[in-house]
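Given next, in structure tokens, is a single chain: the form predicted alone.
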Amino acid sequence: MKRYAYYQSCINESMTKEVDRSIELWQHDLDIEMVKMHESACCGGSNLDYVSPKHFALVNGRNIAIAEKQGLDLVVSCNTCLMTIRSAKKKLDESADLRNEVNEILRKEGLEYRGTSQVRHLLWVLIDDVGLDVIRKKVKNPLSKMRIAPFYGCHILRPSTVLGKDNPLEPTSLDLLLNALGGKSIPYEHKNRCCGFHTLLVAEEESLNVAAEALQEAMEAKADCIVTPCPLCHTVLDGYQGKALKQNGLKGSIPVLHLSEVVGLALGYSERQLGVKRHIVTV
């Protein structure tokens, strides 16, 4: 069984608890174990680096050092946490002075940033470590009747200099996983666009316009649902869906599922077990 240091993002501990709940259900079915990092701290989102670059490096260097102390790669299920922690890792790996400054503080906790643990998304672990062939064999309830609109979100794709897994213009990883689960991923232009989450509090109208465009295109493509690997994208596309559609004079609705939930559904777990009833839009 492959083990990983699982970084519990703030959003999953508060608003989208169903993500971690579903991962806990099926992780051992795929011979992986996500060891929760109870001592980790908030990554600072995409904001801390602009306020205090040194604290940004310290906080996330510490998060990685906790994983390194266990000899495990750090795995996240939130796109923004992925981009943020990988950005900090890149800065620490490229600057000996910054590493020394951070480690001088971390030594007080018995920690040291060495740069040995990789920072990865759950989606990448499923594809690269578990493998699509293994996942196909484990499927008990193929999603064969589902037309799925994959919504990648920005921070698993861009900036490619920090992320580098998918081509940000033509990403394929989520499509490949959905197909392995028996679903049919449908092509549509907005699958690699922004959901609008990070401008929601300062420019709500513009943010919801962005979300509405993605929702509208998915509905027009006759998708049965949208699937995203990011709980922040889910928060906008599900939680603010009604408001976004109404603001743009659109009718209808479309369910939005987490990556971890569709994996669970295909592996035979029920909607109730996976916590799907926590969603705003009925699934």
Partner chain sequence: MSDSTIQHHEERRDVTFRVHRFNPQVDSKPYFDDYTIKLERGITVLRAINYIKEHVDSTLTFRAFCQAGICGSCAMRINNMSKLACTTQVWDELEKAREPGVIKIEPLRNLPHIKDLVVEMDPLVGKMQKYSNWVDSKMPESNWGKKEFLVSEEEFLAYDKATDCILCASCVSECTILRAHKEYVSPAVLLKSYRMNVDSRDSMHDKRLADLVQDHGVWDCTHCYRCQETCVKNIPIMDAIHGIREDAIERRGTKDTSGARHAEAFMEDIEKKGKLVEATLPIRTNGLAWTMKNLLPMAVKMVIKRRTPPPPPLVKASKGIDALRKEFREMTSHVGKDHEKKSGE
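Positions refer to the first chain, counted from 1. What you are looking at is a predicted structure, and each value in this text was computed from that prediction instead of being measured.
Beyond what is shown, the protein has a form predicted in complex with the partner chain; the following relates to that form.
> Given a 4.5 Å cut-off on heavy atoms, tell me which of 130 to 138, 150 to 158, 116 to 124, 68 to 76 is the interface stretch with the partner chain in the predicted bound form.
Of the options given, it is 150 to 158.
> L176, I186, M146, V210: which sits within 4.5 Å of the partner chain in the predicted bound form by any heavy atom?
By the 4.5 Å criterion, the partner-contacting residue is V210.
> With the partner left out of view, is I105 within 4.5 angstroms of the partner chain in the predicted bound form by any non-hydrogen atom?
Residue-level check for I105: yes, a contact with the partner chain.
> May I ask you to state whether L25 is within 4.5 Å of the partner chain in the predicted bound form, using heavy atom distances?
L25: no, not in contact with the partner chain in the predicted bound form.
> Even though the partner isn't displayed, in the predicted bound form is K222 close enough to the partner chain, meaning a heavy atom within 4.5 Å?
It does not: once the partner chain is placed as it appears in the predicted bound form, K222 has no heavy atom within 4.5 Å of it.
> Indicate whether E271 is a 4.5 Å heavy atom neighbour of the partner chain in the predicted bound form.
No, E271 is distant from the partner.
> Taking the partner chain as it sits in the predicted bound form, which residues of 37 to 55 have a non-hydrogen atom within 4.5 Å of it? Please list them.
Read in sequence order, the residues that approach the partner chain (within 4.5 Å, in the predicted bound form) are H38, E39, S40, A41, C42, G44, G45, S46, N47, L48, D49, Y50, V51, S52, P53, K54, H55.
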